[in-house]
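One protein chain, two forms: both are listed below as structure tokens, the first as structure 1 and the second as structure 2.
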Structure 1
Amino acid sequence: MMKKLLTIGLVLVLALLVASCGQSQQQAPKAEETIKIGVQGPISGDWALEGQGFVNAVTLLAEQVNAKGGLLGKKIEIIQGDDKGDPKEASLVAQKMVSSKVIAVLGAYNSSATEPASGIYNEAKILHITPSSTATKLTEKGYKLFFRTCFLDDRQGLFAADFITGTLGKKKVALIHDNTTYAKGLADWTKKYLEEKGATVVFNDAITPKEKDFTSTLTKVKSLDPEVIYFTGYFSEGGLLVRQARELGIKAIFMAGDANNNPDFVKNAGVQAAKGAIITTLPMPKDLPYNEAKQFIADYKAKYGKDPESIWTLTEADAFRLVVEAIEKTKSTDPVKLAEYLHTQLKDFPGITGPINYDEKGDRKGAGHTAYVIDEKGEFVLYKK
């Protein structure tokens, strides 16, 4: 009796073992059948909100794709990598991504974290799309698998020049910057595009940041009588500039670059002086006119109970949607083929942040910027002619 029981017990154990073996054998290939996509960003640290926005956006979209049956019959698996916005951490995250065999990485947030990671991904032949790193040099290295869904700084210059000559119909422009790389770059690009469009730049010079009195520069600008003043520096000086310009009796339209897209601009200037000032910037998420954007923001709100963190949450979502589009069209998960598709065949992809096209360097063509004007209450509202 005892023996019989023991035998039955043994058989049961064996059967269980075999069954579990069988299960694990079934599971192993299944795990490899997922498509792994990495999300890299500052999930903790100073820019944690942005990094968490990346993760939220991609998780939301991956769930939607998986619910519809996945891609090429496979589910998408998201691998998170927290680089804290730090270049050293970014390299470690990149190595971790490579060893987890992802086919694409979406990130990082800041250019200084994206740069070291991009070299590692390029060597490992992994598709790399950054949603927010705008440093020009990132696409100057000839990496074939590197793309971005944000626009370079020169596109804002292009937009500003179009806006001044086209929408406003003005020809005589004064540019003021503050000698920082960003502000001077934007001023120089704007000058180039303005001159191409037949406008004259009567003034292009720097003020000293952190100073408070710009009346000497503005008096000089006044004597040159421009129709538009475009300031490309930061809001702390921008607010003072517009107020002092009005105090000196300058009637020209005052425009400022995207670093002035900050409520403190109005606070510094005072509502009276700030009224009518025009800010060129990427649109706020709620102001995007595209159906894809409305759908994404509604889904995001339903899942997380809040609006997307910033425009970069949307460009990260676009990066993910690009990878999905490329996999669907090429029926492949080979990063090299995906990159080739994005470079050569992608045309006017309907992105959340507008149509997406790529040049040979992996930079996004066109300009996604828009103009806001400050109303009599000191609020930023979309500019309408």
Structure 2
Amino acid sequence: MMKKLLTIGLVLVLALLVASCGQSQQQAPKAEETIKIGVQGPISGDWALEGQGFVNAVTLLAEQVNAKGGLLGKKIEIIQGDDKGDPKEASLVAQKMVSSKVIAVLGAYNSSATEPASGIYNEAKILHITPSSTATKLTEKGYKLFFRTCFLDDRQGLFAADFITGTLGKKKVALIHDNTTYAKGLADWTKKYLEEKGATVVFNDAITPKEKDFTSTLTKVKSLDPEVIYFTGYFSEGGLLVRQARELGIKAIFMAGDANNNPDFVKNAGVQAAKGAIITTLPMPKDLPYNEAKQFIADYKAKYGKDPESIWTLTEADAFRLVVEAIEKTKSTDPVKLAEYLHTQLKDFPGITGPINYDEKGDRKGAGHTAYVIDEKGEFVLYKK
């Protein structure tokens, strides 16, 4: 009887082991079945147009790659992370991406959100490419897996200073920022280059993001009688600033940095107040001369029924295309190998936003800023002197 019981017990144990092995095989991590790529940005909130553009761009391109069989025999799976543009939310999104076992993350939108996320991705050895975070300090941390498809604040600051003193011929400037990583950095670089060119910065101070009334700051600015006001924050405040400046009778030329290259800038300002405002930025999607841009815009419109509304939608698309390029060339999904390829072997990649090359920090070489003026219809048109 005892032998029978032992035999039955052994059979049960073996059956359980077999079942357990079979179950573990059936429940193998999905990460082995797909190539996971994260998209991080403000999918909701004040900057949702930008984050939704990120998602649209990457979804479109991933579908195209998957329709051709995917990469290395696997389909691409997109993992979305809504950080709302908030640094604390950005850290939570980054932790989610790590848990999801993504090999790369494309984002965030704003430098204040990208900064905390970048440390988490660096620690986890995840390839990280931001399409729009331009703060110079982000690539001074020595992270080997961090890249951008945008250009830096120092280059935009130089362009703005050249434009103000050269094209406009003005020398008396007020700078307004919002103390965020991006805005403060752009204001500091612009101040440096303005002063090198003999201009006088009569005001350089911050507003508080998400406030609605900037009368106090603008009243101080008005008393200093600047020829140009250059706002380096985001469109949600930029539109309100130009409207209130006009209501106060400020006659100075109103300029703003590339975070104001957004249709909501005009909506917040009203067409009458926005008219004549000048935005320093990368070219609008419609003005890019590259065949890759024309094809992407056509595909985007066919899928979503409208043109891309932001240049950052296109730089996000370029970030995705760089990941695909690196995977195809290295035959690997190892983030370290992908980063090494981008650092050492990528040359004149035909980006949607122009040729892409990287320096040793992971910064995109070159510069591509231009200026737009808002016309009487509220449209962004290339500035012509």
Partner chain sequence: MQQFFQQLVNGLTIGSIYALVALGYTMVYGILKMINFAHGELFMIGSFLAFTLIVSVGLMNIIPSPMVGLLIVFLFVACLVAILGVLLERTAYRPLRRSTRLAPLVSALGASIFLQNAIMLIYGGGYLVFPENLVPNINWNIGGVNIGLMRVLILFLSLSLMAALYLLVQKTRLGAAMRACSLDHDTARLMGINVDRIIALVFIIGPALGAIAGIMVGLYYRQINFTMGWAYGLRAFTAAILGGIGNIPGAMVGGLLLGVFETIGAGYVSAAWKDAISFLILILILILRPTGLLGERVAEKV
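Note that the coordinates shown come from a computational prediction; the quantities given were computed from them, not determined experimentally. For numbering, take structure 1's sequence and count from 1. For clarity, a rigid core is taken as the largest C-alpha set superposing within 1.5 Å between two forms.
Where the criterion is the form predicted in complex with the partner chain, structure 1 meets it and its counterpart does not.
In the core-superposed comparison between structure 1 and structure 2, A124 has its Cα shifted by less than 2 Å. Annotation for T190: C-alpha shift of 2 angstroms or more between structure 1 and structure 2, rigid core superposed. Smaller rigid part rotated by 41 degrees relative to the larger one between structure 1 and structure 2 (C-alpha superpositions, whole degrees). The shift recorded for the CA atom of H369 between structure 1 and structure 2 is 2.5 Å, with superposition on the rigid core. Structural comparison between structure 1 and structure 2 after rigid-core fitting shows the C-alpha of E237 displaced 14.8 Å.
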